[in-house]
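Just the one chain here, laid out as structure tokens, in the form predicted alone.
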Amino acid sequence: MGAAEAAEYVADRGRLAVYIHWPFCRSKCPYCDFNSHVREAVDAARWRAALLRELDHFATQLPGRLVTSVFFGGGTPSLMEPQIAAALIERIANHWSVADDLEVTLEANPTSSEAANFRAFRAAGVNRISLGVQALDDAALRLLGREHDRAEATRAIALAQRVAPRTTFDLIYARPGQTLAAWRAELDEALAIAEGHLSLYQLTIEKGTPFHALQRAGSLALPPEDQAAAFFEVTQDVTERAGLAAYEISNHAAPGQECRHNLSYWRYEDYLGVGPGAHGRLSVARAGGEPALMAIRNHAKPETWLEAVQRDSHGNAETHALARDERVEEMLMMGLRLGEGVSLARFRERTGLSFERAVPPARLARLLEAGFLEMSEGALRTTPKGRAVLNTLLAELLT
């Protein structure tokens, strides 16, 4: 939000999740379309000052908030100097009240050089480490362009578990050439060493990535659709039997071990994005008018964002109030990923509409009757049948 908007809007007091984006990586993985960049050198002092400055800018516009979580994402934020993370965490606590059980997550790669800093990040205030392992198979790690091997990954997981109160790691499945039997064995191994949380993603090919070019050239083939569905079903079954049920379509946790920060996104709560390419959703109240929900998007290119912050104290590329239809679409897209579904009361609060007014009743009734959706205990949620075809289900709901 710029100065004019700050004059027009008064922040709505409430809970706030804070996301901080560190955009740099040592190398770009061939499947990745995130806002990540490889640079020969990074001026750490300049980046520290800019991130703090943007945080200060938003603090003046969001008084009285309670910060419930902080998430350092990327890129590869474990490449950041731990002192930068410490300064940002301290500044957040100076600007706002923080929850007694504040969750502070750091995304990290499991290379030995980065794992060596885990203790320093813990001292800085990080209490949850999320490792981008992606595979427990050396051939698959080479295919995915990862810099670590299986042994390095398992050592990093063990170190993170000794250092941080809460940990998680990611794996990618339905990889080229992967069999269901191999994935089941890999998943069993992951569950044996995990402590309460796993993120398990089906490999998708994104436009503009090297994998996309290889696929178009016929050099990379994913499992066919029916086999990909079988991978998903096996994943759900094995994790649930192990006590790590899917609380979100790709995230599995023991009770109480869910990622609180990501739940803020999926529940459509307020979150602030700091850093290049970061997004935010912030409830505001027009002075003398009705409340609104602001969508904020920062400049993606690191150098462009940096120049904007040094000039304007923020790196916003776009800020606008979300229309009601946009809020309906976003809330359904996010909330139906959750096992708990979309709260009817929360939906009305955030959109001003009931489900019956937001979705044609006949269409909703058809999806309920067909067993893709269920409505109970004050929420609309997908059934296992619906989760398996979530994208198709969303398209049916939202068109």
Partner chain sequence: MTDLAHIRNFAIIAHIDHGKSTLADRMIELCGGLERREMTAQVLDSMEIERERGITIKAQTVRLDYQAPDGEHYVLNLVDTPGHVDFAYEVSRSLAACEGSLLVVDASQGVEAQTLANTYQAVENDHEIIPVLNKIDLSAAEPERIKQQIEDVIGIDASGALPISAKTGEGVTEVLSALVQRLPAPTGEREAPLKALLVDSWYDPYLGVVVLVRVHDGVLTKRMAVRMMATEALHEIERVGVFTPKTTMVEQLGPGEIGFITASIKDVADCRIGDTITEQRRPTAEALPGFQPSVPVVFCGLFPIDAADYDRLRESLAKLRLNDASFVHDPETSPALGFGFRCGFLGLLHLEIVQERLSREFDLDLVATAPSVIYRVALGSGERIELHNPADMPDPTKIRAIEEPWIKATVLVPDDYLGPVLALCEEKRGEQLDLTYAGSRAMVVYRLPLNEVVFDFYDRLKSCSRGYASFDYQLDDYRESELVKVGILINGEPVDALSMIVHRNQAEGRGRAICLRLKELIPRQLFKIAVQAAIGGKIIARETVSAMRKDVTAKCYGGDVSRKRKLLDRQKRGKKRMRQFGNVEIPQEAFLAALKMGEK
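Positions refer to the first chain, counted from 1. Bear in mind that the values here come from a model prediction, so they are computed numbers and not experimental data.
Not on display, but discussed next: the form predicted together with the partner chain.
> Decide yes or no: are 322, 387 and 391 jointly within 4.5 Å of the partner chain in the predicted complex, with each residue judged by its heavy atoms?
Verified in the predicted complex; spot residues all in contact, yes.
> Going by heavy atoms within 4.5 Å, which of 62-70, 46-54, 31-39, 343-351 lines up against the partner chain in the predicted complex?
Careful reading of the contacts points to 31-39.
> Can you tell me if residue 372 lies within 4.5 angstroms of the partner chain in the predicted complex, counting non-hydrogen atoms only?
Yes, residue 372 sits close enough to the partner chain in the predicted complex that at least one of its heavy atoms falls within 4.5 Å.
> Is the gap between residue 303 and the partner chain in the predicted complex 4.5 Å or less for some heavy atom pair?
The answer is no: residue 303 has no heavy atom within 4.5 Å of the partner chain.
> Is the gap between residue 195 and the partner chain in the predicted complex 4.5 Å or less for some heavy atom pair?
No, no contact at 4.5 Å.
> Mark residue 225 yes when one of its heavy atoms lies within 4.5 Å of a heavy atom of the partner chain in the predicted complex, and no otherwise.
Yes, contact at 4.5 Å.
> Quick one: of 117, 127, 154, 262, which gets a non-hydrogen atom within 4.5 angstroms of the partner chain in the predicted complex?
Checked against the cut-off, the match is 262.
> Going by the partner chain in the predicted complex, which residues of 312-343 come within 4.5 Å of it through any heavy atom?
Sequence-ordered list: 322, 326, 329, 330, 333, 334, 337.
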